[in-house]
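Below you will find one chain, with nothing else, as structure tokens; this is the form predicted alone, and questions on how it binds or moves follow later.
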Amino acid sequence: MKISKEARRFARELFTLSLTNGRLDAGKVSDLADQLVAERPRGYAQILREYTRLARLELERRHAIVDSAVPLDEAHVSSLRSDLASKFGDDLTIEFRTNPALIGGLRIQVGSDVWDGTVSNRLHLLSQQL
């Protein structure tokens, strides 16, 4: 279902009100969503859907997933943590996962940005070029 311009604008305003010092405040999100449901303005379902989408995207932007073929040692983990924190901020949460199918290298995803330096990705790119 297509969202109206008014609903999108109102959802963006709510999202802006949900920020504290440029970061999403869970308490404000909960309070604003509860208030929206209680008041039920015209198109509140569209507004709520867009508002939750914006909040979800912001949360994903603050979460990193690091995939590697083998478990990383503590030196690599701390180095990656400091590098990602300097680039994306100290409040970034980082999840380390092991995926043997990658063969080697790292795949880092922060929000919708993906850096793929894995051997399996390189092999896949090579097979497409042949």
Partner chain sequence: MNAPSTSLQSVCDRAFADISEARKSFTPRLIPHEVGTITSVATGIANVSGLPGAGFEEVLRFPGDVYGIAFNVDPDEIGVVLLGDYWQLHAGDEVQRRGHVMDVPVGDELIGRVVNPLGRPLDGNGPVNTSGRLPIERPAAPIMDRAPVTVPLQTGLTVIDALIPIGLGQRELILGDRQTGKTAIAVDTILNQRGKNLLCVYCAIGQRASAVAKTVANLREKGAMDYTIVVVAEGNDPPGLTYIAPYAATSIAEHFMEAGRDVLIVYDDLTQHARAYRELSLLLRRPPGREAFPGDIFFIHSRLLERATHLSDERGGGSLTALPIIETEAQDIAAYIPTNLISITDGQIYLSPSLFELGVLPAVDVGKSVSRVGGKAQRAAYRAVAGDLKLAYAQFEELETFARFGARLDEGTRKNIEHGRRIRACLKQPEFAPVSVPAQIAVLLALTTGLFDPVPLDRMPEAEHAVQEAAANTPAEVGARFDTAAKLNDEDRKTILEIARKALAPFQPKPEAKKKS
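Positions refer to the first chain, counted from 1. What you see is a predicted model; the values in this text were computed from it and never measured.
Just so it is clear, the following notes concern the form predicted in complex with its partner chain, a form of the same protein that is not shown.
Decide if the three candidate residues 107, 124 and 128 all line its partner chain in the predicted complex, where lining means a heavy atom within 4.5 Å. All of them do, each having a heavy atom within 4.5 Å of the partner.
How about residue 53: is it within 4.5 Å of its partner chain in the predicted complex, going by heavy atoms? Because a heavy atom of residue 53 falls inside 4.5 Å of its partner chain in the predicted complex, the answer is yes.
Answer for residue 116 alone: is it within 4.5 Å of its partner chain in the predicted complex, judged on heavy atom distances? Contact with its partner chain, yes.
Would residue 20 show up as a contact with its partner chain in the predicted complex if we use heavy atoms at 4.5 Å? Looking in the predicted complex, residue contacts with its partner chain do not include residue 20, since no heavy atom lies within 4.5 Å.
If we define contact as a non-hydrogen atom of the residue within 4.5 angstroms of the partner, is residue 16 a contact of its partner chain in the predicted complex? Output for residue 16 is no: heavy atoms all beyond 4.5 Å of its partner chain.
One stretch from 45-53, 75-83, 88-96, 23-31 that, in the predicted complex, holds residues within 4.5 Å of its partner chain by heavy atom: In short, 45-53.
Stretch 4-37 - residues with a heavy atom within 4.5 Å of its partner chain in the predicted complex: Counting only heavy atoms within 4.5 Å of its partner chain in the predicted complex, the contacting residues of 4-37 are 8, 12.
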